[in-house]
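Before any questions on binding or motion, here is one chain by itself as structure tokens, the form predicted alone.
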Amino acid sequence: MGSVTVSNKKSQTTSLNNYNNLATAPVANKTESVTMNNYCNGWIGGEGASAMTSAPNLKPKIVYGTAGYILEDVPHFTDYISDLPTYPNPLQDNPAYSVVKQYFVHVDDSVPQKVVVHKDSERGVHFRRAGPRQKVYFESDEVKAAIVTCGGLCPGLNTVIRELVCGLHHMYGVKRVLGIEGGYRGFYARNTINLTPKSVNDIHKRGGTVLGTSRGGHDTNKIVDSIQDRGINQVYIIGGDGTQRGAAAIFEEVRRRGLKVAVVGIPKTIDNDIPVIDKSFGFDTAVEEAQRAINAAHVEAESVENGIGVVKLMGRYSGFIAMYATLASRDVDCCLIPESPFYLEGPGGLFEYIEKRLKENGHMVIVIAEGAGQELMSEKMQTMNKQDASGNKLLQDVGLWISQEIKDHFAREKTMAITLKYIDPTYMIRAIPSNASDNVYCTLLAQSAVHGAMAGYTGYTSGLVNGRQTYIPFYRINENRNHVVITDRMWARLLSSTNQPSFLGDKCHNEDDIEEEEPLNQLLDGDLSDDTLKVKKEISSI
């Protein structure tokens, strides 16, 4: 691993403490160079397995450089296990890589989180670049890998499973790969299945997951006991934010026990609400498939007088699918998402806008994310404070509710007769195979995860940042959710496309209720959550 230089700046500790209230790594004098093992003694509270039992919760592994450079690094075996042997990477003898000019990623390669900067900007936060390393910490015959899928279904799950198995086998000669059936509880409640390139050859053509899935069932000690008992030393965990929090807990227990087990996450959420990464796999497929439902709603609506088509799409907390599907279709007149509250009655309300559009066009299409409008339903909801096994808030069907509210309004007002059709394609979208774009993305995620585990990295999620594959520490993935920023250009583009009102009126908000984040600079143009913007502001002050 070589050495790192930890620089001293007055505001570093204060600013980085805001990362989910996690403590920062110790800061040494600017000219002091320390070995990685000594650096990590302060990071985890001691070296070797004997120190693990009393180690505190894992702290961020932060490396500082010149000109405001910050590397939010990921853990490595050498941080807590000493005297590990290394081996030449077998890729150097792999015919597939013989044409590659540079086999291996340089040890100092990193990817910036913020890519749009001014000429005087500091270098800011970076993540370790993913890819094969010259030395690996596993021999091929030593590896016994396990793959598990958790949470809801998403296009691309089978593709990730396939590429993990084929990547381990074809790139690194790994022959023992287990599939854990039924999610986290499968570690101690169900049997495993052997996965080979032959057995997974065609699974990417199917929807769902061949391993099965479940929500909840996370008993960290039982899971790690099972990992030890089975002799597993690489664990690949595919799932959303709750699953990744579970993966972080598994990693911390593995580290506490001083085990040479790589714990690797692959982020999965069809809602695209995982922070830091550019997008989650399955999102492109979901947006593409949502077009079919929107098109059907449009055909139904325009075929009758005063026709209204209502389409409910996924988006419990974040409205990315609804927003991108609306922008892609050009047939949508109104898009409602959780981040943008709306109201029904009165001037500037939804009912007034519907009546206006029907008078202008004779029909309209409304797209609504499943988490939108929940505050309007709160007095009728019986599940307001209930959660599912994954910790997600149980929601009532906002699509059915708003459809009925629209019908009741026009029946009550008697201003015009309407015909309304409601379409909910949720489970059709979740269950389909991934499209070409997501298949490629799943391959990159899976191969990057394998390269990292073989190189001794652990406690990380493989993800795309600014178009580059990176290794992201678990705490950054788990610190918040990604949201549509309604003061961002992307939402402004949608409002321009649909010509719908913003609904940011007195009925919906007081002036003090609107949390408007001032951009870091006038060049920012992307889908950044409010929390991400706050973190970036603090980093920019270092």
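Because the structure is a prediction, the values reported are computed rather than measured. Residue numbers run from 1 along the displayed sequence.
Keep in mind that the form predicted together with a small molecule is not shown, yet the notes after this line are about it.
A.B. asks: Can you confirm whether G152, G240 and T269, the three residues that make up this candidate site, all sit within 4.5 Å of the small molecule in the model of the complex, judged by heavy atoms?
C.D. replies: Per the other structure, all of G152, G240 and T269 touch the small molecule.
A.B. asks: Which one of R316, R468, H409, K260 is close to the small molecule in the model of the complex, taking close to mean a heavy atom within 4.5 Å?
C.D. replies: Of the candidates R316, R468, H409, K260, R316 is the one lying within 4.5 Å of the small molecule in the model of the complex.
A.B. asks: Between G217, P433, P425, P341, only one gets a heavy atom within 4.5 angstroms of the small molecule in the model of the complex; which residue is that?
C.D. replies: Only one listed residue qualifies here, and that residue is G217.
A.B. asks: I'd like to know if Y184 sits close to the small molecule in the model of the complex, meaning any non-hydrogen atom pair within 4.5 angstroms.
C.D. replies: Residue-level check for Y184: yes, a contact with the small molecule.
A.B. asks: Check whether G246 has any heavy atom within 4.5 Å of a heavy atom of the small molecule in the model of the complex, and answer yes or no.
C.D. replies: Because a heavy atom of G246 falls inside 4.5 Å of the small molecule in the model of the complex, the answer is yes.
A.B. asks: Within 4.5 Å of the small molecule in the model of the complex, counting heavy atoms only, one of 209-217, 172-180, 295-303, 417-425 shows up; tell me which.
C.D. replies: It is the stretch 209-217.
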